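Consider the single chain below, provided in structure tokens and representing the form predicted on its own.
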């Protein structure tokens, strides 16, 4: 039987977790001798995006990406997290299967990732065991999607507000968190001051914040994993 080779990109800034994923792929290959995996890794948004661009320009397919959400942002501030990377993968490599793997287990954050990325797999890191990783790989290859137990529980909960954060909302939160002044935001974002203020009011409404101060907004946004 001819071997089937799958290209895999693991994007995670924790070497131990990267090694656990590699071990799972190697073990799966031993169980299924006709399947081999070619694995590359990245630890931040810049190195990951470089590899994504290389795959999109080459003849070689990228079948699977393991994507951590909380990653060091790109140096130019254009890619703030794994979520932004996922959006680029969906656009540049639409046939690539994305498995989101994250420590975030906030109901709102998980729904936001689903709405923005619609991943083929979604794992909460606290749920992960070697057995679960093998199961996730098998399901993604043969009959996606695969969701870990915490994700399934969260998906069953209704989100109280249909408005979910998009990349402009996340960019506003990021810029405010690094100290960018409101008056300078229209130079960075495709919005007027009035448009940015409206977004901020919506964000405060979503997070049930009454204070007019931005500190509480940034504190809650950080707590929920948006910055």
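Source: prediction; values computed, not measured. Take the two forms, find the largest set of C-alpha atoms that superpose within 1.5 Å, and that set is the rigid core. Residue numbers count along the first chain shown, from 1.
As for the form predicted in complex with the DNA, it is not shown, yet the points below apply to it.
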4.5 angstroms heavy atom contact with the DNA in the predicted bound form for residue 178: no
May I ask you to check whether residue 31 falls inside a 4.5 Å heavy atom distance of the DNA in the predicted bound form? no
So, in the predicted bound form, is residue 202 in contact with the DNA at a 4.5 angstroms heavy atom limit? yes
Heavy atoms within 4.5 Å of the DNA in the predicted bound form: does residue 197 have any? yes
Pick from 182, 39, 51, 36: which residue has any heavy atom within 4.5 angstroms of the DNA in the predicted bound form? 182
Would you point out which of 22 to 30, 61 to 69, 184 to 192, 40 to 48 contains residues with a non-hydrogen atom within 4.5 Å of the DNA in the predicted bound form? 184 to 192
Align both forms on the core first, then report whether residue 210 has a C-alpha shift of 2 Å or more between this form and the one not shown. yes
